[in-house]
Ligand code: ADP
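As structure tokens, one chain now follows by itself in the form predicted alone.
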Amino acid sequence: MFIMSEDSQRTQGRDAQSSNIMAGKAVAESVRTTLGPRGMDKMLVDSGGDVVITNDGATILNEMDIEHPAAQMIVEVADTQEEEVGDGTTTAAVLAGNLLGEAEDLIEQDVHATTIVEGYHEASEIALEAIAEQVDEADVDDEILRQVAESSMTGKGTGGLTAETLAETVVDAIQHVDTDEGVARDNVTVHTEVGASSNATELVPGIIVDEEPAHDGMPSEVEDASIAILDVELDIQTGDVDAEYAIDSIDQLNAAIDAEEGELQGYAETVADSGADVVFTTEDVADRVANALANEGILVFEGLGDSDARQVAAATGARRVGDLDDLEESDFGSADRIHTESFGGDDLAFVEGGAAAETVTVFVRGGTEHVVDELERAIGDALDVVATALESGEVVPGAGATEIAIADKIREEAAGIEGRKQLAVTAFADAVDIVPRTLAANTGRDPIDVLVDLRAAHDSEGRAGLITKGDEVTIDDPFEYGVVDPADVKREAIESATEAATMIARIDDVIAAE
């Protein structure tokens, strides 16, 4: 009796577990060398020849052509980490891979997968308690936020800028959108433009739109601007049905021309009479209308995408209008200043101040496309973690110190756990050690020696991490060196890695249908 298709493939038992675990470990290993301030970059080349150079874990895993379903779960771990807290993607992926490796060793010792899952979940609860104990009791002030941002960006491609310089820009951006209701992270955008040194990166108090004026004669700068946003075509209206008109005389031709001219002039007069200084429209603007508005000193941008129109509306407080006859002053938004600038042939519109000041833009510059892309990723992660730290008010030591504390507490608690589950709990602690071990390996130090020294320093001092400052590598309190991470980054890494590893470890039957 055939139950499944003849083309179906089925892997069962220990073979299925081994295959899944091997795939998960391979994916995690692919990003391990990118971890930490001395982590290396990866160059990813797709079938079309496009190149991505990065050491961001989530970006690397998403760019890789991964087909194995278990390996894709590790990619999902990094994606979840990125979406929830913005950083720690490599840590989460590496931890998940090593939890699988420890689980494989236990399975070979005939420890049942259910026992491993139970032990891992119990160990993860202990890990969360250890993270809570490591939280710094000091208030998260501007200096700590700067340290969080700098720690996030250290080791990432920041062009000619230091992480310290970028950290100040990041903190300024997040503080700008800190409200009584919380941090409005969505009000911070990152705009990249190739063509200058990364030292030209700056914070713009408003938004940047990739548009140019509809007419060369329009002003390049408008101060104290009243802004209208239209979903209206300022051009001759045409029907959906093809039609031809027969003109038998010059008078008829002149009448048709006059009618068109009157229609276009009507659009220009309506806009000018409304009192708007600047107009953004998602539709086209006829040359004659643009010329008339230019003569009135009105700045017009045409053909905006829907997302840009929504962004301008949100930033300026303007309401989008779908009928020109409905345009009223109450629909206008405002901004202190709107100006246009040209960068390497690209014209950009800067909407600054006023209502737009609720939104800020980090304007990233770089000499090449690869530089600005990596800068954008680094700054995006830093913005996320600073927002997370500001909202939670909890930070923990970085540089592997929190992982050392987690492993130490888990081993301490494991002594009181009965049965084989103790083996799984202890294995979880061994897996967590991969973070300081990898940091040590990436700095050229012996991982075993460093791990021993870190444990000894933790026992005596209560807090110890592997600090990298310039060419110096030392073991000390990360807080003394400003190496700090949001507590939520560590929590999310533990939780997501544990869930993925336990899900994969429980699979003992893989059915692949063609």
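Residue numbers run from 1 along the displayed sequence. This one's a predicted model, so the numbers in the text were calculated from it and none came from an experiment.
If you look for the form predicted in complex with the ligand, you will not find it shown, but the lines that follow are about it.
Contact annotation for Thr154: at least one heavy atom lies within 4.5 Å of the ligand in the predicted bound form. Taking non-hydrogen atoms only, Ala399 approaches the ligand to within 4.5 angstroms in the predicted bound form. In the predicted bound form, the ligand sits within 4.5 Å of a heavy atom belonging to Gly88. Taking the partner from elsewhere, Asn55 is found to have a heavy atom lying within 4.5 Å of the ligand in the predicted bound form.
Partner contacts here mean any heavy atom within 4.5 Å of the ligand in the predicted bound form, and among 65-73, 480-488, 42-50, 446-454 they occur only in 480-488. With the partner removed from view, the residue among Ile475, Val27, Leu35, Ile60 that has a non-hydrogen atom within 4.5 Å of the ligand in the predicted bound form turns out to be Leu35.
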